[in-house]
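Same chain, two forms, each on its own as structure tokens: structure 1, then structure 2.
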Structure 1
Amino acid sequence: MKRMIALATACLTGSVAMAEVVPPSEVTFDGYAVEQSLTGTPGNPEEGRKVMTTKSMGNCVSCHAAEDYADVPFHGEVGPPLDGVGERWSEAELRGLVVNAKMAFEGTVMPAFYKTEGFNRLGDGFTGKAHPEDKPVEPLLTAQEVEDVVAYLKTLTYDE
């Protein structure tokens, strides 16, 4: 029995380790939805909340309000409230919106959180200067952070 448990654990661990991250340039959209997980690993809603409400990470709170993170100060009003988004959009649609909301809403000011090419005027952080041509562009969020944010957004439902 112990051997079977060890074998099952090794198989599960191996499958998680073999899951490859989808690079930003290889994300496939169906309309604006992204069906495929970027990591093959389920997102962690607690980590997603942290990403959304931390200024040095996603900082979603600066544009979006939600009752679930009413304890976080300085909610913005630029974007729509996020209450109920877990019921309004599918996981694939939410992933697509986080990866690149411009695929759904062309004129949105929401940043593409998982994009590394095709920018009009890419800046270098908060320096006011252009991004150096010899420096690779990193996405604003990692693939796992995107999955974590999507997992958290799926928890934002209306209470009955």
Structure 2
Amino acid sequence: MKRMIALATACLTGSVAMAEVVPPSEVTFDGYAVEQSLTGTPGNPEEGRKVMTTKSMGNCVSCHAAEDYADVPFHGEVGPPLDGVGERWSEAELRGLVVNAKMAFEGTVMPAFYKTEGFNRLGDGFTGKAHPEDKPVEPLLTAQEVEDVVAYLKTLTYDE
């Protein structure tokens, strides 16, 4: 209920800052899909493209190729090409895949991008040192970045 009010207020005032973000531990899966937007703010596909192709952000390109970002050098081959995923999967399914692909593909090598618990020997970023106990764990992508990526994935259709 509280969330509904917060969302409604956000819509009324048009303020993103007031929308309540669903934290990683409270994301609800329906099978491997996540129906509810993580922010209540529609994703921006252009931002999503940037997140996916930037090494310090989503870095999806290290494992996935796609025609739409063929201009970005060095496409990975670890995951399938993403052409047409906007047709193959619904928005809720794509959100679920980005949040935690292990719900759809058991044992996949694709990392969970919106998850903060249950890791083995969690490090402090790429330092190789242990993640400090008293430091909150940040998910690989923020809630809005996930929404932006999902919005971009929805644009990857064959009939462009």
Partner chain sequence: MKAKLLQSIAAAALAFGAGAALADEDAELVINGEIEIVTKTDAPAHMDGMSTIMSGWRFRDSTTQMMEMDDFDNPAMLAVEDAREKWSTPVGSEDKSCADCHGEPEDMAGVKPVYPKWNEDAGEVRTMQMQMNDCRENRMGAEPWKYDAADALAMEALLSSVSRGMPVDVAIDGPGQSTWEQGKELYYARTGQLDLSCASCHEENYGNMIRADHLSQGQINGFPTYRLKNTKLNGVHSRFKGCVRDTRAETYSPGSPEFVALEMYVASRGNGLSVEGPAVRN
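Take the two forms, find the largest set of C-alpha atoms that superpose within 1.5 Å, and that set is the rigid core. For numbering, take structure 1's sequence and count from 1. Everything quoted here is computed from the prediction, not taken from an experiment.
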Structure corresponding to the form predicted in complex with its partner chain: 2
Once everything's superposed on the core, is Val109 shifted 2 Å or more at the Cα between structure 1 and structure 2? no
Would you say whether Lys55 is displaced between structure 1 and structure 2, judging by a C-alpha shift of 2 Å or more on the superposed rigid core? no
Answer yes if the Cα of Glu133 shifts by 2 angstroms or more between structure 1 and structure 2 on a rigid-core superposition, and no otherwise. yes
